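Starting off, we have a lone chain in the form predicted alone, written out as structure tokens.
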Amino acid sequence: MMQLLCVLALLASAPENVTEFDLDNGIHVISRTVTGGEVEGLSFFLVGGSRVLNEDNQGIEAFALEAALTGSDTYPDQRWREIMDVTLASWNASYNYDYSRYHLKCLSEDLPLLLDGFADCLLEPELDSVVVGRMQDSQLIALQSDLNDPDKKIWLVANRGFMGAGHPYLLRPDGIPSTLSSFDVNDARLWLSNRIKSGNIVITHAGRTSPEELKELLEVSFGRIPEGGDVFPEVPEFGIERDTLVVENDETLSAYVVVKFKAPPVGSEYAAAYSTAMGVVDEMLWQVLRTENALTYAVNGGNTSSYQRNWGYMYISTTEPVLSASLMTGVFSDVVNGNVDQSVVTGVANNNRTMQGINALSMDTQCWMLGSGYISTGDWRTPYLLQESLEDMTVDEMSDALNSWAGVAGWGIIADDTLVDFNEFEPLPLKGE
């Protein structure tokens, strides 16, 4: 009980011990001082994501950053790996539609050395062709594995139906096999030279190092990064004007179905209610499709909430996709029309607040919240304010949010056409006829 009360207290307001400052070269830094521990978290955000890519170079940023982090002239591959072993530091990378992110977790005493090495890798990468080649092979294996898995590929199929031709989110930040296999160390070096500029970078921190100490460390390391930056176009709206269906044939015993639809942007007054509504949809999908009708072993609903443009979704794997899709839209229609007990809505909203609060206790999540909020809206407080607004959520607020945002839908299905008649599967309207 005491732990739960502490979590809820954390959600009461945005934290006060957060400091923002700029390095001399213009890099924006957001630091949250967390006392009582030896672990530091620091995230490096390279802003731009899919907007700086095109059909021919999608995946280049992920390739270039991974190649850079194999070592530098001062910290060559073997020495850099030894430093990782000795310090037990961990690096986690993610590449999404709006930015690339590297997160460092380490002990406070090792932060100066690791920041210096990290910055040196970005500015003076060694880019040994043999080492980079091994890294590239690993990326290709992981990428091809995902594309061979219909349970993962279905999300990309649904994107083609939902996002509309030419949308930047159709470009893959992690690349596609044809582009990823074409890159070499010269491509990586050129990309890093063009993109590692102060105006493209945001750094966030959570740990005991004070803002004054952190600024000194960062001026020595990241203060060497040249000034300048890219001008990013606004992410366009998703372009579909009517319910759409994309089908893909695959020799699989189960059919995989995903439907996507618009969700409010970060900071919208509807964001918390929409997220709650999709949590209710998730619970009801399980009840109707799994418990009552035994149509699946995997079904869920949810929404993205931190991109420049967001979406809701429903997913199922089933041997009866036509019936399942009909039941899915029935569930969605019930939630849109407010046919839900207030107790269910309150329970989902409270569960979301608690889980977000627990997740936010990690240095990794804190750094991500600070950075994603700032990049998306210009204010790091945005994710915390979203948590606050989950309190006292009502059925009417939830219904209004879905009615205001969830319109036409993009459907995707992967199935074996000898088992499923694609002609029977239609792009059903989410809110009924």
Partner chain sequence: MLYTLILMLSMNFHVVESELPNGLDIIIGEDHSAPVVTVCIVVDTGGTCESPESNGLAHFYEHMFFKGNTALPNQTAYNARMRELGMIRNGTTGTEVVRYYLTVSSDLFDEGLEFMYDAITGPMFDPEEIVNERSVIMNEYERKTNHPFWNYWRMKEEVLSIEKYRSSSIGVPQVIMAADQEIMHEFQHEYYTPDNSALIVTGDVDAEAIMPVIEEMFSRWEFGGRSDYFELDLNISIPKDTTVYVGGPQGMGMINIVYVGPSMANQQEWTFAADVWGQYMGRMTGEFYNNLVANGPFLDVHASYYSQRFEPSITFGGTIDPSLADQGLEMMQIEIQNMFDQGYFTESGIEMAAEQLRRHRLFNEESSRDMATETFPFWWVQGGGLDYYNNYPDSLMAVTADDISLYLNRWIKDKPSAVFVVTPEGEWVE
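Only a predicted model underlies this, so the values are computations on that prediction, with no experimental measurement involved. Positions refer to the first chain, counted from 1. Between two forms, the rigid core is defined as the largest C-alpha subset superposing within 1.5 Å.
Same protein, other form: the form predicted together with its partner chain, not shown, and the subject of what follows.
My question is simply whether residue 78 lines the interface with its partner chain in the predicted complex - judged by any non-hydrogen atom within 4.5 Å.
Yes - in the predicted complex, heavy atoms of residue 78 and its partner chain come within 4.5 Å of each other.
Spell out, yes or no, whether the shortest heavy atom distance between residue 178 and its partner chain in the predicted complex is within 4.5 Å.
No, residue 178 stays farther than 4.5 Å from its partner chain in the predicted complex.
With a 4.5 Å heavy atom cut-off, would you call residue 408 a contact of its partner chain in the predicted complex?
Outside the cut-off, so no.
Taking 4.5 angstroms as the cut-off for heavy atoms, does residue 149 touch its partner chain in the predicted complex?
Residue 149: contacts its partner chain in the predicted complex.
From the candidate stretches 322 to 330, 188 to 196, 141 to 149, 232 to 240, select the single one in contact with its partner chain in the predicted complex, where contact means a heavy atom within 4.5 Å.
That would be 141 to 149.
Which one, 137, 212, 227, 269, lies within 4.5 Å of its partner chain in the predicted complex by heavy atoms?
It is 137 that has a heavy atom within 4.5 Å of the partner.
Within 4.5 Å of its partner chain in the predicted complex, heavy atoms considered, which of 336, 171, 106, 123?
Checking each option against its partner chain in the predicted complex, the one that comes within 4.5 Å is 106.
Using a 4.5 Å cut-off on heavy atoms, what residues in 52 to 86 are near its partner chain in the predicted complex?
The stretch touches the partner through 78, 81, 82, 84, 85, 86.
Tell me, please, whether between this form and the one not shown the C-alpha of residue 106 is shifted by 2 Å or more, with the rigid core used for superposition.
Yes, because once the rigid core is superposed, the C-alpha of residue 106 moves 2 Å or more between this form and the one not shown.
Rigid core fitted, then: does residue 278 show a CA shift of 2 angstroms or greater between this form and the one not shown?
Comparing forms between this form and the one not shown, the residue 278 CA shifts below 2 Å.
After a rigid core superposition, would you say the CA of residue 32 moves by 2 angstroms or more between this form and the one not shown, or not?
Yes, the C-alpha position differs by at least 2 Å between this form and the one not shown.
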